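Only one chain is included here, represented as structure tokens and corresponding to the form predicted alone.
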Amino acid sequence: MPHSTNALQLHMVLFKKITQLQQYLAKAVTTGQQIGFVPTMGALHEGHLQLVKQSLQTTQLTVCSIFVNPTQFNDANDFDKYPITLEADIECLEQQGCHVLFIPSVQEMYPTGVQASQHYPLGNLENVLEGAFRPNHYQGVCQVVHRLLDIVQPHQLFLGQKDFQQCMVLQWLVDFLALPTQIHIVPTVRNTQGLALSSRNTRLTEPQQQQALAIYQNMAWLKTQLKPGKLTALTEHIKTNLLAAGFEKIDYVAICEPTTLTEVQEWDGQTNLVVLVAAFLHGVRLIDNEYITI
């Protein structure tokens, strides 16, 4: 049964079963409440909490989910190492005033097994950048978010810009399914030095997190160097800098057109851009991006 998780905080209700969550949400909808939804895999940080805050400000009922989805990990080792901090996560959400937390089991989410029930025709989004380096990753993302959207049926969905390509995939999914759900992309939350907050940062020591700042520093450098013409030398320079800073492997450094993720080889000086980076530091894969608006 749903229960308040803390005697001092009577706002957040926790559900593990889909049917009970849906009964609760159905009552809220009959009273005209708009539902905001923040799907997460837990190990919450200020970036996640910013999504919750935005939902609380925008809607009447905020639902957060914590579910480490096995179908979106193309690396089983990455899945096994994903940080689990459920007690701390619950406490953080209560302090924010989140109304509902949904923490289903794999069996609850995938009662007939984790095999894909359909293929999502993502087109080029599945072939470039994250799609190219993490085969089937976005099929797994679509599989779980399709299921979650079907369960929660939110009016508003809150996503973080740090997962830039994933935001594009989920906008595609909402459009493809013709759902009446509005997506809000919330800017990346960084620490005071510029490091993008990430659950995976917990696998890095403090000195290693200092090393990780090289991604943000190089993206900031890129903004100062941009001028019309060929861009390849800039991305190659960043790759060299990251390897020199101690990164073991770089999946990509790309300057792209933000609405299609088409890589821009030669820039006209007028088109908005986004720079995206994915690289490994001490075995931890970090991603980041920055808009370059003209």
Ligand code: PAF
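Keep in mind that what you see is a predicted model, and the values were worked out from it rather than measured. The numbering used is simple: start at 1 and walk along the sequence shown.
The protein also exists as the form predicted in complex with ligand PAF; that form is not presented, and the subsequent description refers to it.
Inset, instruction - Verify the flagged residues Q72, V141 and D163 against ligand PAF in the predicted bound form: is each one within 4.5 Å by a non-hydrogen atom? - result: Every listed residue reaches ligand PAF in the predicted bound form, so yes.
Inset, instruction - Look at the stretches 235-243, 34-42, 221-229, 260-268 and give the one with heavy atoms within 4.5 Å of ligand PAF in the predicted bound form. - result: So the stretch in question is 34-42.
Inset, instruction - Just give me the single entry in A196, V145, V100, A214 that has a non-hydrogen atom within 4.5 angstroms of ligand PAF in the predicted bound form. - result: None of the other options qualify; the answer is V145.
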